[in-house]
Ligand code: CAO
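The form predicted on its own is given below as one chain in structure tokens.
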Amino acid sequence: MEALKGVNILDFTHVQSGPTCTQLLAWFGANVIKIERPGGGDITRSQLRDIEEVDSLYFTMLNHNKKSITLNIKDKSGKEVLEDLIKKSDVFVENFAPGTIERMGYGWDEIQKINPKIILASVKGFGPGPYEDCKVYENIAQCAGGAASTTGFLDGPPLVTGAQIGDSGTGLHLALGIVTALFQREKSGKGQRVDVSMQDGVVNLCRVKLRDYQRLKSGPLNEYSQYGKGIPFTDTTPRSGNDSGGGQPGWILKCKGWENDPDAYVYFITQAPVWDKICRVIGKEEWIEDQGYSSPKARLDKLELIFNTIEEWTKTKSKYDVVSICDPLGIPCGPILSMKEIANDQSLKDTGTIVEVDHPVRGKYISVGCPIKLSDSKAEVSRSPLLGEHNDEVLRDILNYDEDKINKVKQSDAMK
């Protein structure tokens, strides 16, 4: 990937949100130098290990295409190395707790003095306000950003989603902010701060639910299945189960084999323009002319019956058969794919969305590749670095230290 070639990223991030951001930039060709604690490194190297004494999949799948150096910035030589790296870097990325980077002596004012053109990019749990000092994890961000309150079924508790919208979603937002700041720097010549909170990132991804909250002022939300059931709305956006979230009613339906296969389901949308085709496919042609079914509004109070009837048909077919029958007719539907199916999907492998990576200690494993495809700049996924693997390379090739200085640094406590 050549898109960001020549851009030096100082990666002071750990766990998921920050590493998601810097990995994406590395996939785009940036030179990402990951700063890690001597002796342990990023905590995810040892979290959720499936093989003893081997970097976990948690770490490897978030740190492709990067270089790793170990640095003890409490040591005088370590501090010197870090400041030399700041001078050589375009972006400094961190996701420490609020105030940590300032206590380390490398807040915005300090690093700007070292390099006025540098961009400081930060992930925090919350922005300024009553929660800004709170510790935040993925599920807390989903809850505080409005996602959990609108997820799940109406008669059940709030639910979080398996998609990492708090951590990885925020990392994606931060990557966009960094690229934007780099673009502006081309005109201004100045660096700037880029801040993204996990709460803000989740709120942005929940905008349609904020839309629905405001629509309630004008009356009930008739595309929600509770409307057809006559269940009253409150003054805030409700949980909507598997409703489509748009103007076209949709639901998850059982398919053949559902009794033993937890993923034998299909998502089916009763889009108005193809209503007649849906009726013919499921053998309910009489609904086409029936005034009680002839319009979306007329069908609202019958959606449960309609989807139950469609499900009787889908239960006789595999989820793939349902799609192969409906898609040519323009009927929107899609299979519920398991992680096993995703991992073995040849089309995703062909596009580089799923990749096989060879690690010198772990061996081969499956990971995600770059989800963004550029026609003139293909992303190649290389393995994650071993702890401190690039200490000598960074000192020699990035900082241009001579052998005497390299040996002096290595003999100090800077990297151990």
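These numbers were taken from a predicted model, which means no experiment stands behind them. Just count from 1 along the sequence shown to find any residue number.
Omitted from view is the form predicted together with this ligand, to which the following refers.
Novice: Of these, A97, I282, L154, A298, which has a heavy atom no more than 4.5 Å from this ligand in the predicted bound form?
Specialist: By the 4.5 Å heavy-atom cutoff, the listed residue in contact is A97.
Novice: Consider the chain as shown here, without its partner, and state which of V202, V322, V123, V81 has a heavy atom within 4.5 Å of this ligand in the predicted bound form.
Specialist: It is V123 that has a heavy atom within 4.5 Å of the partner.
Novice: Would D243 show up as a contact with this ligand in the predicted bound form if we use heavy atoms at 4.5 Å?
Specialist: Contact check for D243: no, nothing within 4.5 Å of this ligand in the predicted bound form.
Novice: I'd like to know whether V136 contacts this ligand in the predicted bound form, with contact meaning heavy atoms within 4.5 angstroms.
Specialist: It does: once this ligand is placed as it appears in the predicted bound form, V136 has a heavy atom within 4.5 Å of it.
Novice: Is there a heavy atom of R37 no more than 4.5 Å from a heavy atom of this ligand in the predicted bound form?
Specialist: Judged by the heavy-atom cut-off of 4.5 Å, R37 is in contact with this ligand in the predicted bound form.
Novice: Consider L71 of the chain shown here, and say whether it contacts this ligand in the predicted bound form, taking contact as heavy atoms within 4.5 Å.
Specialist: L71: contacts this ligand in the predicted bound form.
Novice: Please identify, from 128 to 136, 255 to 263, 273 to 281, 183 to 191, the stretch that has a heavy atom within 4.5 Å of this ligand in the predicted bound form.
Specialist: Heavy atoms within 4.5 Å of this ligand in the predicted bound form occur in 128 to 136.
Novice: Would you give me the residues of 160 to 177 that have any heavy atom within 4.5 Å of this ligand in the predicted bound form, in order from first to last?
Specialist: Stretch hits: a single one, D167.
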